[in-house]
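Presented below, as structure tokens, is a lone chain in the form predicted alone.
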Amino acid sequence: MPYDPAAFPPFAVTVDLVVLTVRRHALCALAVRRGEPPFQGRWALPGGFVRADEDLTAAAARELAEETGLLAHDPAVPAPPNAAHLEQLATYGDPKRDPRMRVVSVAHLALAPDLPAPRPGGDAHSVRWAPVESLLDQDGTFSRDAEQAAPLAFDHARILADGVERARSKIEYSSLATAFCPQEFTVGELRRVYEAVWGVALDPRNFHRKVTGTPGFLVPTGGTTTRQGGRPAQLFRAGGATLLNPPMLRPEV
């Protein structure tokens, strides 16, 4: 039998973004309030439909640039100042996840330091950074100023939880934590990234010994800074290692 496209129901493909950064020593995610149905007025992850002339990576990079002004970083070239780590997270295809039609979402995880103030765009009515613990509190609801809030739109609470766990897991065995830092950073600033992502307090001396003793993790720049207050602190940049040996094991809580 010849192939007949009309014999199959149509469906759409979207990309949803879990955009994470560390703000005020807390792991935060980008959340948008939807300005159009479905779920009008509800908070959601940023994202959109994949265009007919673009692949998934290009669609995710476009949405990232539109929502944050950041460029997806190609690891093969030096990172520009407005670069962000972007990787594919997972695919979500529950037939009932979108009331409009069958929609398959390919979620992506984006990490970057010092992200700019968010700006609404597309079908977003407003946009803000929110601590992930608030977005995922109990049943995935988002509360602000004691307002009774509805759960995140679509299946975005699940997607966000998966993205947060991916980040928490990967900083154990990879150098991904440096994606949250500026190009030059102190060990103290890197430690606060681990503390924010893992949600635990770490011993400063043990942490300093581990990260500076892990081959290829950090490279001294030769400079110092007093931006943290107190005595000048040594500045580092990310080394060439992608996998950490030994790994930075997450404390049990």
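For every residue, the number given is its place in the sequence shown, counted from 1. For clarity, every value in this text was computed on a predicted model and none was experimentally measured.
We do not show the form predicted in complex with the DNA, though everything after this point is about it.
Segments offered: 207-215, 26-34, 46-54, 60-68. Contacting the DNA in the model of the complex at heavy atom distances within 4.5 Å is 207-215.
The three residues G188, R192 and P247 all sit with a heavy atom within 4.5 Å of the DNA in the model of the complex. The shortest heavy atom separation between Q40 and the DNA in the model of the complex exceeds 4.5 Å. V22 falls outside the set of residues with a heavy atom inside 4.5 Å of the DNA in the model of the complex. Residue contact with the DNA in the model of the complex: P232 places a heavy atom within 4.5 Å of it. In the model of the complex, at least one heavy atom of Q228 sits within 4.5 Å of a heavy atom of the DNA.
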